[in-house]
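Heads up, the chain below is alone and in the form predicted on its own; it's given as C-alpha cells.
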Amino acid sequence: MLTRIERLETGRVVELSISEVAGGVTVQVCDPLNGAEREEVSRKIWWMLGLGEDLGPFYDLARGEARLAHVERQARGRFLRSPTVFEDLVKTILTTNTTWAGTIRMAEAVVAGFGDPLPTAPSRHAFPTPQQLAAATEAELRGGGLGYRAPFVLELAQRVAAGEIDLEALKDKSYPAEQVRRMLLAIKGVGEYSAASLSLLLGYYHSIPVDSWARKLVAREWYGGQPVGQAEIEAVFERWREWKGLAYWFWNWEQAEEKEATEKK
C-alpha cells in the first residue's frame, strides 16, 4: 500500500491510501470527499501512477533484448510521480550534489516547515504549494538544509505562484521533447541531469539522466571500465530511439554485475 498526505484544491488535507486491485488501483480516504474532490484525487492518482502511459512500443522493442526481457512480464516502465510537476521539479533540484539521504532530509524539511498538517496527525504534512513556498525567505529555506539550492527553489516557487511559469502544462505532452528540455534548462538550478530526470517523469524518454552512477555502470558494461561521458552513454542506447531513457533505467544491471563477478573468479 502507498500512502500520501495530500492538500486538495479546496484546502483540505487528507491521507490517501492507494492499493492495487484486480484490473487497477483503489484509493481510500478516511473522510468523505465531495464530487469535485473525488475527481481531483482520481486525476492526481492517474498521473502519479502513469496509468495513461502507452508502453506498447517500448515493450515491442524490449522483447528482442535479454537485459530488458523482464519489463513486459513485470509490467515495468512507469515511474511514480508527484501529483504536480512543481513538486517533482523541487525534489529534483534537491537531488543535485548530494546523497540520496541528503535529498530525503531536505525534502522532509520543506514538507515539515511549509506544508499544511494533516488534521488527524499534525506531525504529518502535505507538500507545500508554490504559494506557500513563495512566501518563505531564503534564510528559512537555508535553515532547512537546502544550502545553495534555497534561492533556486524560492525563485521557482515565486515564478510559478505568479503565473510566470506553467509547469503543469507540460503534462499533456504537446511539446516536442527538445523544447521541453530547453524550457527546463531555462529554470535556474536546473542542469542537464535535472532536465533529463524530469523529462523521464513527464513521459519524454529521449534522454538519459547522466550522473556518476550512470557513468560507472555504462563504463563497466561497454567500455572496459574506461571513463565515459554523456556522448558515450547516449551512443550505447541510441538504438532505442525515443525510448532510450527507459531502456537505460530498466536495464538489468544486476545481470551485468553477476557476469563481472563470475569473470573475476
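Just so you know, these numbers come straight off a predicted model, no measurement behind them. Position 1 is the first residue in the sequence shown; the rest follow in order.
The same protein has a further form, the form predicted together with the DNA, not shown here; the description that follows concerns it.
Only one of the listed residues (132, 82, 96, 158) places a non-hydrogen atom within 4.5 angstroms of the DNA in the predicted bound form, and that residue is 96. When you look in the predicted bound form, the only residue of 188, 78, 171, 124 with a non-hydrogen atom within 4.5 Å of the DNA is 188. Of the candidate stretches 158-166, 141-149, 116-124, 67-75, only 141-149 has residues whose heavy atoms lie within 4.5 Å of the DNA in the predicted bound form. Taking the partner from elsewhere, residue 193 is found to have a heavy atom lying within 4.5 Å of the DNA in the predicted bound form. Contact annotation for residue 211: at least one heavy atom lies within 4.5 Å of the DNA in the predicted bound form. A residue is said to contact a partner when one of its heavy atoms sits within 4.5 Å of a partner heavy atom; residue 38 fails this definition for the DNA in the predicted bound form, lying far away. When the DNA is considered in the predicted bound form, residue 220 lies well away from it, no heavy atom lying within 4.5 Å.
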